[in-house]
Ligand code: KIV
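Shown here is one chain on its own, the form predicted alone, set out as structure tokens.
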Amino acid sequence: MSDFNHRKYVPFQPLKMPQRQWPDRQIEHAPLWCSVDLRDGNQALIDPMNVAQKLQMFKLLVSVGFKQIEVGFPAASQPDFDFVRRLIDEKLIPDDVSVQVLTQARQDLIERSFEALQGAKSAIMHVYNSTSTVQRDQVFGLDREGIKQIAVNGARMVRDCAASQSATDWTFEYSPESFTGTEIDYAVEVCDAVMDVWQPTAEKPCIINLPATVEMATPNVYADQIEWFCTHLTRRDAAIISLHTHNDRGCAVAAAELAVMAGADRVEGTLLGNGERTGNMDIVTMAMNLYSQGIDPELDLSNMDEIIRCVKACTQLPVHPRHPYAGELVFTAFSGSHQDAIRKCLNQREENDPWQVAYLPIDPADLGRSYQEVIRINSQSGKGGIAYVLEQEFGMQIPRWLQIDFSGIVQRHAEITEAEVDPETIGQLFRQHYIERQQPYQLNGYQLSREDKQERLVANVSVNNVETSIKGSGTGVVGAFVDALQKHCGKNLVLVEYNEHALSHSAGADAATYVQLNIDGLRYCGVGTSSDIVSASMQAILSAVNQPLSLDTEVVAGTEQAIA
């Protein structure tokens, strides 16, 4: 039998809740947030943070807006103890921020934790013990009553220690660790017993934290557990129901969102989801999910790049380029159809309109990202994305027919190089293929006159570096120049398309013109730029004409070389 054997696993048994209410609810406001980056996040690192990194992370969390921050397990680690003391002794904790410390329900650890918090203005003492069937049977070897007694004893010790440090505004928090693997009625029984010791009130509630220490089922099952718990807890009005989801099944954010719908008030997690195994609940993702629905997340994530920089520096962990909201490529479109849709939506959007842009759930500018980062070009990209880059970077508003022509050039370059094409290269390709194509014809000057409602044109041009004059007439300057060229080069020229606009991105050129010519049955595009719109138009026509003529020259030269 293969080692990849699904039969060793037993399906998780969901609750029977035909009257569940949470699926019909919506999240209307942000939960209370508690960052556990400095505890859960730190213990999950290969190289835990040093004091400087912890201080940097703490300052970031405060600046983002967290009012509750778990700062360590001071009873289990001297560095954690010293860090907590430094925060207090150096008065680094803002008055509106409560620090939280974690401790197991053991007397020596609880007493050490209170020692670490001596002198804090306000603090959360978070005590826990595991209640799951696996832990009871295989780790502790205790029955339900024995495990409950550990929780009750821990609650008493927390209460008594807090009474001796009455200058601190204390909040008590209890976690039945591995809540999702605990019988739901027993979890309520244990938490009721803890609350009997603490005697919280609606005015001074305790925190009951219900962790998915290991994610064991689909998010809807966790939401059922939370709703059942909330409706059966004896003193529900005196408890802040808190969540602490892990990401073993990749659903930590979804589980937390559904559990808030099911009645939870508070969420513990980390920035960008760092944590044990596959990680903790990602507060950035959940908060931005709320933001995208028009709900104030009560966290300031507007400087996303600075958040990423700080988290990476403190954790030494990379951020996936496709990480929701935060990744380098998360607002980037390479697909041609996506790029075209984004460009059209952005061009039509008025400043105060509700955000409705194809493929972009939020405005990248809200996170400090620029639109230039939205559309990037590779071999999968299309004309819309390339046009967007040309407009944003170089001010060239190229028409659709020129987008089609130029996209093929960029795509061939991407396929040959097998790499992303950056904006500078796109600009260089555009100039080389259109603007700088000045052989065999090059414009040196022109004279205009008007006779019998016709424009009379004499243009001074160089043909393969030999100066000459060409003459033509037409109803307009463009027509006259096409007539002059047609007579001189012997080609059948028909002007098919013409566009022009002011070119604000260039200091040396005020106008850009775009033409498409039918030359002996084939279509060619040309571009001209100049402070003189007439000169720009002529240069665009020469750009188009030079394409087949330069190809003819190359063929002739190649033939002569082969004969030689």
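Each residue number is its position in the shown sequence, starting from 1. Since the structure is predicted, the reported quantities are computational estimates derived from the model, not experimental observations.
Omitted here: the form predicted in complex with the ligand. The next part is about that form.
Chemist: Counting non-hydrogen atoms within 4.5 angstroms of the ligand in the model of the complex, say which of 364, 200, 211, 474 makes the cut.
Modeler: In short, 211.
Chemist: Please tell me which of 270, 315, 131, 175 lies within 4.5 Å of the ligand in the model of the complex, judged by heavy atoms.
Modeler: None of the other options qualify; the answer is 175.
Chemist: Heavy atoms, 4.5 Å, the ligand in the model of the complex: which of 34-42, 511-519, 532-540, 48-56 makes the cut? Say which one.
Modeler: After filtering at 4.5 Å, what remains is 34-42.
Chemist: With the cut-off set at 4.5 Å between non-hydrogen atoms, does residue 246 touch the ligand in the model of the complex?
Modeler: Close contact exists here: in the model of the complex, residue 246 approaches the ligand to within 4.5 Å, heavy atoms only.
Chemist: Would you please decide whether residue 260 lies within 4.5 angstroms of the ligand in the model of the complex, comparing each non-hydrogen atom pair?
Modeler: Looking in the model of the complex, residue contacts with the ligand do not include residue 260, since no heavy atom lies within 4.5 Å.
Chemist: With heavy atoms only and a cut-off of 4.5 Å, decide whether residue 286 touches the ligand in the model of the complex.
Modeler: Result no; residue 286 lies far from the ligand in the model of the complex.
Chemist: Although the partner isn't part of this model, could you tell me whether residue 102 comes within 4.5 Å of the ligand in the model of the complex, counting any heavy atom of the residue?
Modeler: Yes, contact at 4.5 Å.
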